[in-house]
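A lone chain, given as structure tokens: the form predicted on its own.
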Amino acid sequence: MSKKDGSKDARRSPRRRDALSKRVIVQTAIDILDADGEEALTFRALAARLSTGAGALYHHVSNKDQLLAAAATNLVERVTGPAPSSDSSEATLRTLMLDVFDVIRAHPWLGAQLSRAPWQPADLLIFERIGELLAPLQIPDEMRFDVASAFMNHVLGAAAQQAAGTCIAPNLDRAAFLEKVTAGWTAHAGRDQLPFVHEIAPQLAHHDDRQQFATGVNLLLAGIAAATHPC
């Protein structure tokens, strides 16, 4: 072996000796996505992080789309599992919705993934769990799909909003960015044309996204109560 070849070997990352599993690959992908975003997730970067070759990765995951879907499913599975049996379906549904919101906010790339492909397994897991928790609430069968869709659309709307915020202002101070948005709102038209917008504009910069999401969940639950137990 030449000295030159030896120096190349010295620069190579040591190959991993333990078995490579899909679970390890997906968790490592999540770590990359959380740290550096979707653009940083490449099979080359993943292979380097795992000290393996790209071929070993393709044995478990065919392409980046499949990897993103698997990463999203992994996170969603963590918040859609069974709840304590002592909780009511309504309380459990409220908790589920807020847990989904929290996991989307904790992993900025997840919102984009959920909202771009709503037929993927992660979205179906959320939808299935919502439907399961609606079953004991005495909703007429012909309404269950519409009601479940309303909850799911609430999730997807929040996911899209979180994704948009990450893309538009990934490194800006949130309040400062929203102050600029507020200025744009009020500059668009006068109070006589957009009275409601001008009225609520001061609240925008300091509003709580999670509280707004929770308010939406409560309104949906109140609607169920009104529909199933009319006065």
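Quick note: we count residues from 1 along the sequence shown, nothing fancier. Quantities reported herein were computed from a predicted structural model and do not represent experimental measurements.
The same protein has a further form, the form predicted in complex with a further copy of the same chain, not shown here; the description that follows concerns it.
- Taken together, the three residues 21, 81 and 107 all stay farther than 4.5 Å from a further copy of the same chain in the model of the complex, as judged by their closest heavy atom.
- Using a 4.5 angstroms threshold between heavy atoms, residue 157 counts as touching a further copy of the same chain in the model of the complex.
- Among heavy atoms of residue 203, some come within 4.5 Å of a further copy of the same chain in the model of the complex.
- At the 4.5 Å threshold, heavy atoms of residue 199 reach a further copy of the same chain in the model of the complex.
- Although the partner is absent here, residue 177 is a contact residue: one of its heavy atoms lies within 4.5 angstroms of a further copy of the same chain in the model of the complex.
- Along 138 to 153, these residues reach a heavy atom to within 4.5 Å of a further copy of the same chain in the model of the complex: 143, 144, 145, 146, 147, 148, 149, 150, 153.
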